[in-house]
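Here we start with a single chain on its own, the form predicted alone, put down as structure tokens.
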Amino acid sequence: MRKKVIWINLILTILLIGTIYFALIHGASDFSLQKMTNSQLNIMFNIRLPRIISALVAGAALSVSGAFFQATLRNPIAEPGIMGISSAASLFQLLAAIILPGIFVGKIVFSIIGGLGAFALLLLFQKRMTPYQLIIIGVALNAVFTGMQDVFTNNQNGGTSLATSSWSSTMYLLIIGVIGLILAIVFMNWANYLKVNDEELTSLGVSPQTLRIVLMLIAVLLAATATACIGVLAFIGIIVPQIARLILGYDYQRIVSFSMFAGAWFLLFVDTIGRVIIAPNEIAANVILAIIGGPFMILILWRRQKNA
């Protein structure tokens, strides 16, 4: 397994470096790093570079957030983008833009508050629901929060996305995202404890509720911050951790580590493909993720039903 992990890390490193280089020089206009005009340098530094950094940090944050949600809820398709966490964060970010226009940190604070509110609702329902019933509740909450946001925006989709990334939003995402990811590394082994049933944990003197709340708070922080800076992106938190389990097994120390690097690369890859495939037009990353993620989620459910 050690050799396997080393090879996977090497492959991910090569993919990351190659995709970053490709994303820097390709887009609405292509150019060479050897012969650059001042205009091209400005495009690379002020438009493409913050977008690349945002995609890397957000991809890692959303993937780890999904892994923690799946651990705490013991459900392979739990993910902030489809359980109302991201849509609540997005709704409260919009409220912040109305109440505190021009103050970006207010959007992040409100986004985290919104994510925590949705998280509290899920905790309230968790006591009465099976894991799959809780997913349905999360999907319903997602629809409610999305509908409320549409009321404020008059169904106009001109909000936050990777395409609107600036150095200001990128620095907030980088700082808070890295703090959240460090916390995830510190507490990632707690997710392994939750593979044991609650009665056994309690008999060992471990509080399963404490484990869940700490991990879900980290997951909400990561998801809400990413949402405030680049908008709602669903399915990446399902796809990447599931691939990690398929390749590396069920140890969350490996799953979380893999999800950070693979999630960072995957979102950058998806965003870069969306930018170049029909350049100078774009296909938004959330559209590509939905096209990939929908069938992927169906496949997971079908495999679990078949195994059952």
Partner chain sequence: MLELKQVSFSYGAKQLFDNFSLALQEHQITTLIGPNGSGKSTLFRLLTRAIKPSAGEIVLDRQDIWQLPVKDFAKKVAIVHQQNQLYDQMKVIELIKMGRLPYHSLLGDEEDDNAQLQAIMQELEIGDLADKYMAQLSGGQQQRVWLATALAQKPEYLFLDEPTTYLDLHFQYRFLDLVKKLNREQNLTICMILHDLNQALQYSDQVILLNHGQIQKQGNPEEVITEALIEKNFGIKCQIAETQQGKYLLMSGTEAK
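Source: prediction; values computed, not measured. Numbering follows the first chain given and starts at 1.
The same protein also exists as the form predicted together with its partner chain; that form is not shown, yet it is the one meant from here on.
Residues of just one listed stretch (84-92, 181-189, 215-223, 232-240) have heavy atoms within 4.5 Å of its partner chain in the model of the complex: 181-189. Though its partner chain is absent from this view, in the model of the complex it lies within 4.5 Å of a heavy atom of just one residue from Ala96, Ile137, Leu201, Leu116, which is Leu201.
For the residues Trp167, Tyr132, Tyr193, Phe125, the 4.5 Å heavy atom test against its partner chain in the model of the complex is passed only by Tyr193.
Although the partner is absent here, Val206 is a contact residue: one of its heavy atoms lies within 4.5 angstroms of its partner chain in the model of the complex. Remark: Tyr250 counts among the residues lining its partner chain in the model of the complex, judged by a heavy atom distance of 4.5 Å or less. In the model of the complex, its partner chain sits within 4.5 Å of a heavy atom belonging to Leu211.
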